[in-house]
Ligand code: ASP
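Here's a solo chain for you in structure tokens, the form predicted on its own.
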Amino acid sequence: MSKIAIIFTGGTIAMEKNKENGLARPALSGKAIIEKISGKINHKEIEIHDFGNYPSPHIGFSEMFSLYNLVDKISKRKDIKGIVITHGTDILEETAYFLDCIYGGVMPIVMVGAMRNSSEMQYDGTTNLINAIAVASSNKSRGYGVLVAMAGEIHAARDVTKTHTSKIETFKSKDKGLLGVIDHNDVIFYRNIKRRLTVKPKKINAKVSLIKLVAGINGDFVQYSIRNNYQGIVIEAFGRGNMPPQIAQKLKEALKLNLVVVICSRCPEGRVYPDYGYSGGAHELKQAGAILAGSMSGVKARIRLTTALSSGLDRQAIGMMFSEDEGLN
């Protein structure tokens, strides 16, 4: 194993400012980005794959699944040591976790992007890419699943989130903490993680809605999901997983119709737990058959549920999977 495959999907790392209006736009090919780090990396054998030049808001499940198929194909080659994927930062955490839900191999898969475009003096794309190549090249990175390497830090795909709209150090793992750092090309892991269960959908065909609760919200969005043949609903509830009674009642109706309901918290840290017994409390919904997603964010619970339903898992199996994710099994 000697080569590092780099899959370029676009994002700010591949953008430059339009000279006429000063606005950032897709511009750089994979080759053009690699030329910026020529002579600055120890790993000389680089294989370029131009998957696309997408601003990340243009990427959906179809593109993510096509990206996975490419990753799966490359990861089976004996001459490849690791894979780096450049990606826009807006939904980088979602694509990273999507891949992590499906990819079950030990080869390092490292996601990377930039918060500054190539026309800016503080362009962080080159440093981030060099660091990502170092992580993908390291034997220490094997078995961690999909990683994110940004601003000199290494994060697990299932934990990391974008926390600031513009800061270079935007990616954080909050109460879980980072996995490690890259320091002068040395890859240092501070802790290990247990790989979670993966699924193998043949296509992504499940419809899952994500509903964030706010004061005074009614059950209209839940009813919309039911009427439009969604197979799953993720609720970003209050606090420990609590909600208004009218939402709870609609979710009970959804559960009776065999929709899978997953409850998260809209709080950025902590986990949902069924310790409130009033109407709309998490305990009531759990008793009715809803799945509590622990500390997982709504964004990632939607991805987890979508990939699981697309793989044909039933509610019981999905519940066990979420418990496994939280370390309860």
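Just so you know, these numbers come straight off a predicted model, no measurement behind them. Note that residue numbering follows the sequence shown and begins at 1.
Below: the form predicted in complex with the ligand, not depicted.
- Using a 4.5 angstroms threshold between heavy atoms, residue 75 stays clear of the ligand in the predicted bound form.
- Though the partner is left out of this view, residue 88 does reach within 4.5 Å of the ligand in the predicted bound form, counting heavy atoms only.
- Proximity of residue 12 to the ligand in the predicted bound form falls within the 4.5 Å heavy atom cutoff.
- In the predicted bound form, residue 55 approaches the ligand with a heavy atom inside 4.5 Å.
- Of the residues given (114, 237, 83, 101), 114 alone sits with a heavy atom within 4.5 Å of the ligand in the predicted bound form.
- Per the 4.5 Å heavy atom criterion, the ligand in the predicted bound form is contacted by stretch 89-97, the sole one of 217-225, 182-190, 89-97, 238-246.
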